[in-house]
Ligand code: ADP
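So this first bit is one chain, no partners, the form predicted alone, shown in structure tokens.
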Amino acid sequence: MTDEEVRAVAPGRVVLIGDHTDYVGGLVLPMAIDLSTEVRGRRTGGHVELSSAQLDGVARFEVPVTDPTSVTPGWARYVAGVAAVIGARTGLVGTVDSSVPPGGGLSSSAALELAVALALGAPEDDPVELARRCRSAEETATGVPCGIMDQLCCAAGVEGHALLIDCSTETHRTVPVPEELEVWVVDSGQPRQLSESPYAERRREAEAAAALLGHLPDVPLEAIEELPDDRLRRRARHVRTECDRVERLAAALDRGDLDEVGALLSASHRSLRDDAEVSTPVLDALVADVEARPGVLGARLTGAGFGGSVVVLARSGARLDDVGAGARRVRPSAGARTS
């Protein structure tokens, strides 16, 4: 039986561009951020018991786990899902401390999953495999069919960089974030739960379009426009055009060209609003407010939508402290790790 102190940290993430493309094998450009979840405790015994100052209740269950969905409270299902997927047979007693706000679109669930997985002894030398396991854990815990973007970004983040991820191959490369570019996250004040949102429906619609047309990131727009079903046509058009915008933004960041950044973010938000239909009036109003501020290059909803946060790219010195329900400048961070 092991009896060792462990500490594992995993960052949240913000999607600079590329939402609702990952689950159909599209391109995404997220960035691990300097908000994180820490799991600290002792690996010992035959049960997991984790408490948190930020989360209600205590995650308590025996290992090995047979039914993660039966564990309470709700956040404990993510912990149990991870324990089940990695096959944990040694327990963990400790605490969870997180600065990633739940329901804010910053991937608090992936940060929790990764930190728990590493604390329970999952290997950290292969971030792609770690991300796969944690994605499976989330689907097991919630029933929500998520893509791999969140977990892979949080696992493989590199300080000073975003990650360009091809979700069809699960390959990624780093993209530098210029020092003169500020990344802000603005809380809309409208929380959301993916399991209670139309997220799964949007995924089914995009997958239905892909079943008719093929790999959506590669389908010509002309073919998409010929789809007779308006809803599927709009979902496919979002994926195709958003993947183009991901490539263009990555190229602009590679060469340090900030002039193209704003137009790409604004176009992304319009596509998420009109074609993906995952925005809300609250998010739309917040984007309009932010984009009118001096120094702001562009803004868009970030994450799955239906509430959450807006990501803003701005030139140095922008003042955004008074917008939304709270704004914070975030910086590109390293990925999940133990210490």
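Residue numbers here begin at 1 and follow the sequence given. From a predicted model like this one, the values you see are computed outputs, not experimental measurements.
One more form of this protein exists, namely the form predicted in complex with adenosine-5'-diphosphate; it is left out here, but the text below deals with it.
- Among the residues Leu112, Ala119, Met149, Val239, the one placing a heavy atom within 4.5 Å of adenosine-5'-diphosphate in the predicted complex is Leu112.
- Among Arg132, Arg234, Arg192, Arg203, the residue placing a heavy atom within 4.5 Å of adenosine-5'-diphosphate in the predicted complex is Arg192.
- Note that among 215-223, 181-189, 72-80, 261-269, the stretch whose heavy atoms approach adenosine-5'-diphosphate to within 4.5 Å in the predicted complex is 72-80.
- In the predicted complex, adenosine-5'-diphosphate lies within 4.5 Å of some heavy atom of Leu55.
- Within 4.5 Å of some heavy atom of adenosine-5'-diphosphate in the predicted complex lies at least one heavy atom of Gly104.
- Cys167 falls outside the set of residues with a heavy atom inside 4.5 Å of adenosine-5'-diphosphate in the predicted complex.
- Looking at Ile86, you'd find every heavy atom of it more than 4.5 angstroms from adenosine-5'-diphosphate in the predicted complex.
- Although adenosine-5'-diphosphate is not shown here, in the predicted complex the stretch 212-229 places no heavy atom of any residue within 4.5 Å of it.
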